[in-house]
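Next comes just one chain, in structure tokens: the form predicted alone.
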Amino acid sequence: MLRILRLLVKEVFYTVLLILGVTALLSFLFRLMPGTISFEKNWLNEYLKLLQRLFTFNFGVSPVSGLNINQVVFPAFKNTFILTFGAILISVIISVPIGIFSAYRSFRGISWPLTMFSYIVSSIPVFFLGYLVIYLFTRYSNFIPIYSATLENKRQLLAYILPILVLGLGNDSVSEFVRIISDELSRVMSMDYVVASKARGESVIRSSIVEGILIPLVTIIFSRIPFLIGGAIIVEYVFNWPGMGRLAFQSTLNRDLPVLVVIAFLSVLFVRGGMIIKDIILGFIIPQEM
């Protein structure tokens, strides 16, 4: 328990340093940009007020739109979280069985075309796959699968599911999950203790599930979060998904700098929170590494 607490303190310290660095850089760059927003002459005083708003989660009012930033950002953050978590789930559901089957069959038989399928799907650009899905649904179902609050329940559910599927398939997570799981599982299955378990008649997969599947899967899932957020920005724009990516794009066009700072702050918390969860999970699985 003490090791976990020490790990949490270290990760929180690094997260605070990252937030200070990112927000300070953004605040300084925004002051250099031409625009209609007025800044205080004392940059340090203004920056300290910004940190107070961020760390108290009282983001204030946007000087551009006049809306409460909390009421704008948190619903968008929730939608981005749903999109990212759903995409990770789709990638895991598809890639884990293929990776296990490829390692168990040594890329013989049907495991080879399945692995090739994962690489081909992952090589499709996410924006192209998104527009292709929209084109196919528009052509053959007379329904444009773009999110809108006015859609009826069934179509709104479809407009929710399709972006998750596109992001889960279109980013390169599927092929990377398959490659890492198959490589790690093949390595573990050739180790002495697994061979001995096989000789005793035990299941090879069961003997190597922790080291060959669980540990690499946990590591790669949380390390993919920043890349998934980058892909989510494109998917949100293509499908009109009301998330942080689309909000950041609109705020950039409107030069709504306070909203952009809040989006960067929440993105850092999201990414670093995922890394902290990863370290805690790995700490319970392999406590000697903590």
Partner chain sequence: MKRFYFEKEKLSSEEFYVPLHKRASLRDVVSIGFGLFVVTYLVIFFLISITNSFIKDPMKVDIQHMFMPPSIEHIFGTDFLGRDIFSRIVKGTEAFFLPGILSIAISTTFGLLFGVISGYYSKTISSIIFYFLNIIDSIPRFILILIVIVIFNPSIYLIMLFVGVTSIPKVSSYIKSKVDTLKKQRFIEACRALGLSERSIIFKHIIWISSRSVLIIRATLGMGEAILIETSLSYLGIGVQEPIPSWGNMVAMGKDFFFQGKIWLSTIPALFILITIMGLYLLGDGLNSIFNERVSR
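We call the rigid core whatever largest set of C-alpha positions still superposes within 1.5 Å between the two forms. Residue numbers count along the first chain shown, from 1. The shown structure was predicted, so the numbers you read here are calculated from the model rather than taken from an experiment.
Just so you know, the form predicted in complex with its partner chain exists too; it's not on screen, but the next bit is about it.
Colleague: Check Phe77 for me: does it contact its partner chain in the predicted complex (non-hydrogen atoms, 4.5 angstroms)?
Modeller: Contact check for Phe77: no, nothing within 4.5 Å of its partner chain in the predicted complex.
Colleague: Residue-level contact is defined here as any heavy atom of the residue lying within 4.5 Å of its partner chain in the predicted complex; does Gln71 satisfy this criterion?
Modeller: Flag for Gln71 set to no.
Colleague: Does the 4.5 Å heavy atom contact test between Leu26 and its partner chain in the predicted complex come out positive?
Modeller: Leu26: yes, in contact with its partner chain in the predicted complex.
Colleague: Would you classify Phe222 as touching its partner chain in the predicted complex, given a 4.5 Å non-hydrogen atom cut-off?
Modeller: It does not: once its partner chain is placed as it appears in the predicted complex, Phe222 has no heavy atom within 4.5 Å of it.
Colleague: If the cut-off is 4.5 angstroms on heavy atoms, which of these, Val96, Leu158, Ile124, Leu114, is the one near its partner chain in the predicted complex?
Modeller: Spelling it out, the residue with a heavy atom inside the cut-off is Ile124.
Colleague: Does every residue of Phe57, Phe81 and Leu217 put a non-hydrogen atom within 4.5 angstroms of its partner chain in the predicted complex?
Modeller: Checked in the predicted complex: no contact with its partner chain for any of the three.
Colleague: Could you run down 120-138 and flag each residue that has a heavy atom within 4.5 Å of its partner chain in the predicted complex?
Modeller: Ile120, Ser123, Ile124, Pro125, Phe127, Phe128, Tyr131, Leu132, Tyr135, Thr138, in sequence order.
Colleague: Could you check, with the core superposed, whether the Cα atom of Ser267 shifts 2 Å or more between this form and the one not shown?
Modeller: No.
Colleague: Superposed on the rigid core, does the Cα of Glu11 end up 2 angstroms or more away between this form and the one not shown?
Modeller: Yes, the C-alpha moves 2 Å or more.
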